[in-house]
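Single chain ahead, written as structure tokens, the form predicted on its own.
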Amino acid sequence: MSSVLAPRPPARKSFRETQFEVREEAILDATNRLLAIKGYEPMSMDDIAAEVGVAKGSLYKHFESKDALVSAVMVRLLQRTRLALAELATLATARERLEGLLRWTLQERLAGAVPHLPSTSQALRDSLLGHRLYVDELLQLSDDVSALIRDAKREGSLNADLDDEFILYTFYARSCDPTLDFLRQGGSIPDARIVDQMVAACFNGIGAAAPAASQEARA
């Protein structure tokens, strides 16, 4: 008989632990929705408690402050974004993956799953820059996107005359472009077409290609 013991199965979580985790996810989801609607400064812990349907004191069992809670929301967003990018690895080209990530981000915004980004609040920026995990996740995402930009340039599908950093920040700017919100509020263009046109404008521009005769004349 073998003396090697079989590995023990992982310990099952207690009902209380499971309930704690479920409530924490509900708190993060509620905070995410309120950030998307109200923004950082106007949102209070009272607002979050009311949205979740718990006493405000219950929030502090999970997160020590509003800053800690919002940081957790933003870390989760970055992790979800990196996961979405990993799932685009099956696409053939680097440019297709970049376009796919922008499309995913815009669709998430339309679904209310993306809060107002740090660029809209100095206080939020300052808080997040002091949060190690957030900074680590942001740097990793930037590295991943920058690598795709370099690959797309080598493919010849992005303008090689533009600096990598310029393209990276342009990509981020399009991800939080208020054009999406204005067009959706207008209601004259379907959501799917808004996304299609924003992705196309980001990667192809809005200028029409010059007619062949005009190109020959300039040559």
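When you see a residue number, it is the position in the sequence shown, counting from 1. Remember, it's a predicted structure, so these values are computed and weren't measured experimentally.
The form predicted in complex with the DNA is left out here; the points below concern that form.
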Closest heavy atom of Val54 to the DNA in the predicted bound form, within 4.5 Å or not? yes
Is there a non-hydrogen atom of Tyr172 within 4.5 angstroms of a non-hydrogen atom of the DNA in the predicted bound form? no
With the partner left out of view, is Cys176 within 4.5 angstroms of the DNA in the predicted bound form by any non-hydrogen atom? no
4.5 Å heavy atom contact, Ser157 to the DNA in the predicted bound form: no
Location of the DNA contact in the predicted bound form, chosen stretch of 149-157, 65-73, 163-171, 28-36 [non-hydrogen atom, 4.5 Å]: 65-73
Decide if the three candidate residues Glu96, Trp104 and Arg184 all line the DNA in the predicted bound form, where lining means a heavy atom within 4.5 Å. no
